[in-house]
Every structure is written in structure tokens, then in C-alpha cells.
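For reference, the chain that follows is the form predicted on its own, supplied as C-alpha cells.
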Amino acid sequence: MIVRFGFVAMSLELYNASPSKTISYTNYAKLTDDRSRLFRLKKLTEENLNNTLRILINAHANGIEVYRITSKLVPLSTHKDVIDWDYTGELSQQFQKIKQYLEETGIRISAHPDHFTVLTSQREEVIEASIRDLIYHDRILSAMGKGSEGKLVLHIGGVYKDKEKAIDIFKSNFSALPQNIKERIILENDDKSYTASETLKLCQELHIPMVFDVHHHLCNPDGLTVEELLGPVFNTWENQSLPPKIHYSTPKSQSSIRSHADYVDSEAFYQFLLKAKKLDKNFDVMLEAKNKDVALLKLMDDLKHYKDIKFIRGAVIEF
């Protein structure tokens, strides 16, 4: 069983390498003309793309093959009152460098649109904003050379006091999406509203791959064990070009169970590996620890104390 590990967006190993540099709409509006506004947006986006490449290079140097890009690469990109500009065209050189590096290294990338991107809302303006955001993410991933293997992680969304109705609205809005965007979407169970089994049922019905978030399942249990869920969840990835992916993090504390800790409890993760081993299928792990790549590298060091874990390269193990 081969397991690869990745981290989210920011590198704490690198100095001044934020891929999410931005400007508030208030400050954007204070700029005197569209030329100044465009210059500011372009400058920030260029820095974010350059830093994304720096992060990818550093990840590869550490043997990390899974990475989630930030949703904030292009500041204010989906704000309806912000100037519309061709960021993938005007910065094609920066996107091309990232594309080439991903092709050379085989690093798996994905994105996770923000919590306001939901397909269960009954408000038309919310759905319109969500679709704008999905189109933006699709555009970014396409510019980086990723087809349907470049996935977008979504939660099902809000319940709005009627879960069955909300799920029906999701189905309707999902079916109306362009095919290329539908092929990118994967669903994740959340820590309050939709359990793993509810998310799995919807994924099976709509033929959407599911990301099993182990931490969220702890916060929002459904009576099923990890062992009972993993097999059906992994099966939703059949006919996909990449292996299943899970999310893993450690609760910050018993009193703050939904918050992510700075690091990952290696013993708890080892116990999870023992459960996953019963399936003996390859999968990828997106770590959602607060300390990003630093937490990932520490977990790799901690796992070296377990004699039945073999390290293939930096953040890739065989169990």
C-alpha cells in the first residue's frame, strides 16, 4: 500500500512565499483609475504565481508529491465589481512555468473553493457567485495544464432547515454545470451538517469521487466506523486517473475538537493506517495541520519510528 502526503497552500519552510497576497476591495476602489487597478491586480497575481512555483520546487525537493493550490491566486477574481481581465493570458508565461514543472515532477494538485461556494442555496445570487468561483478555479487549473484530474473539493453545503430539499437543490445545480466543471468536483464530508455516509450516498448517486475527512468524521459521526466507510469511499474513485484522496488532521484539543492542531498525532495516524491496510489500496493524504509543510515533514520524521513503514522517498511511504 503506497501512501503519498501533501499540504495546503502555504509553505512555512520558505521566507516571504505567500501565494495568497491580496488587496481588499475597499483599497482597490480607492485606486484612481482602471489602469492603476489592473497594474495592482497583475502585480499581486504575478507574485502569487511565482511563489506557487517556489513552493512546488521546495515540495519536490522534500519528496512531496501532493499539493493544494490556494484559491486566492488572483485577488478579487470573482468580485462582480472588479475589472475583468485576462489573467491566464497576460500571465501565460508564469502559468506555463508551473505547468511544465508539474509535468516534469508529477506533483498532484487540487483546489478547495471557499465555504461560500455552495450548490444547495435557494438564493439565485449565491448560486451565480458559486458558479463564477467554480469557473475561476477551472480556468486556473486548465492554465496549469490540468484536465479532469485537477480536482475541486466541495462540501455539499448548507442544510437550510430541510436537508432533503437542500440535497435535491444540489443535484439540480450540479447537473446544470458545464461538463468540464462537473468532472472536476469531488465531495467531502463536513464537521457539522453532512456526515460521511450522507456524502457518500450523494457521491454514489451522482458518480462523484468522495474525499473522506477523518477529522470531520470524528466531529460529525454517523454510526459507521472508518473501516466500514473507507472501502465504499475508495470505490467512488474507480475510473479516475489518480488514486483516492483523504483529508487528515488532529483536533486542536478536546474543548476545541473542530479546530486543526498545529501538528499531526503520529500514533493516531498510524492507527488509521492499520485500518486502511485492510483494504490495501494506494491513496493520497492531504494534511490540514496548521503548520503546513513543516507539520508534514515532522510527521514523516515521526513515522520513521514505526518499523513496518518503509520510506520510498521524502513524503511517500509503503505500508
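All values derive from a computational prediction rather than experimental measurement. Start at 1 with the first residue shown and count on from there.
Another form, the form predicted in complex with the DNA, is not on view; read the next lines as being about it.
- Annotation: in the model of the complex, residues H115, V126 and H260 each come within 4.5 Å of the DNA through at least one heavy atom.
- The stretch from 102-110, 142-150, 78-86, 206-214 that comes within 4.5 Å of the DNA in the model of the complex, counting heavy atoms only, is 78-86.
- Residue-level contacts in the model of the complex: of K281, R54, K292, K275, one residue has a heavy atom within 4.5 Å of the DNA, and it is K292.
- Screening S253, N27, S36, Q271 for any heavy atom within 4.5 Å of the DNA in the model of the complex leaves a single hit, N27.
- Remark: Y160 counts among the residues lining the DNA in the model of the complex, judged by a heavy atom distance of 4.5 Å or less.
- Within this chain, K42 is remote from the site of the DNA in the model of the complex, having no heavy atom within 4.5 Å.
- The closest heavy atom approach of K298 to the DNA in the model of the complex falls outside 4.5 Å.
- Looking at N173, you'd find every heavy atom of it more than 4.5 angstroms from the DNA in the model of the complex.
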